[in-house]
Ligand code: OSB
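Only one chain comes next, encoded as structure tokens, the form predicted alone.
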């Protein structure tokens, strides 16, 4: 889909955005989003990307400071080898640098957005989306009390969310699930352990089978794929892998090993939206349902995720919550729910653009990286 545009440079924009409420998982508690945005400037258009690396290396080994160094010193200079802006060339150009999938994904996203805007093509169409709106799920962090949890979940259901995901950890699991089931009946419900358990916890995790959950997400460490396969033999609840799925090949291996019956796809975690689509295709070929996970993205990443969530194999509601779930004021026009669904943006590229004055208000650092040709 190249329009023969040349890349002129990449601007790194670091922003800090307060969350509407603290978000607690087994990795810790977040009160703000420290995000790295990328603005790709080409001879034909500008494009935007978002790096989902967090401020600290807790969910993954990547973090914002390291991502900035990686992009500045290695990945952006490598783009000088691109004859034209073509998303299909980005992966091969960056392949010699090992890992750093979140940084690569952000760069791919920015260049693809620029390419698609120049061509007048929405990202959803380029990905192969089949839906114009996607069912929205919401992720609920660990609370101080069960009463607080019930009140929070009740509020989200009133807003129209089609699925509830509870973060769990040892000491906050069965009781939390039970109180939601008792209070709200058969609402679609799943849990996310963020690697907080081991095989020694099998008896505790087995208790979750009584609550008809959609799935239990990433109960054990990401490298422990065979351990998940063993755990799956003891549970009726489907295991969904998140952190373990770093590529389409990893997804195929996990499915073949019997380690999961559902897969969460996060584009940043697998190195970009092209690889995310490949993960989707592998899972669909094996009749494994997938859904789109979230990383507290701004409106940029949220719009891209809505496009990804519209693929045909996305059979479960994803973490495509409204902007207001996390932010009083998003940097783009807010993405909103309508009857529990999120509309997939239809404009060229991502279909959304940062609002200049809002972006400026939350920006803490800017850095221009010219690309030598």
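Values in this document were obtained by computation on a predicted structure and should not be read as measured data. Numbering follows the first chain given and starts at 1.
Same protein, other form: the form predicted in complex with 2-succinylbenzoate (OSB), not shown, and the subject of what follows.
Although the partner is absent here, residue 101 lies well away from 2-succinylbenzoate (OSB) in the predicted complex, with no heavy atom inside 4.5 Å. Remark: residue 194 counts among the residues lining 2-succinylbenzoate (OSB) in the predicted complex, judged by a heavy atom distance of 4.5 Å or less. Shown alone here, residue 139 lies within 4.5 Å of 2-succinylbenzoate (OSB) in the predicted complex, counting heavy atoms only.
In the predicted complex, 2-succinylbenzoate (OSB) stays beyond 4.5 Å of every heavy atom belonging to residue 108. Considering 2-succinylbenzoate (OSB) in the predicted complex, the lone stretch of 288-296, 128-136, 173-181, 148-156 in range is 288-296 [heavy atom distance within 4.5 Å]. 242 is the sole member of 242, 169, 86, 275 with a non-hydrogen atom lying within 4.5 angstroms of 2-succinylbenzoate (OSB) in the predicted complex. Residue-level contacts in the predicted complex: of 266, 228, 117, 280, one residue has a heavy atom within 4.5 Å of 2-succinylbenzoate (OSB), and it is 266. Taking a 4.5 Å heavy atom cutoff to 2-succinylbenzoate (OSB) in the predicted complex, none of the residues in 343-362 make contact.
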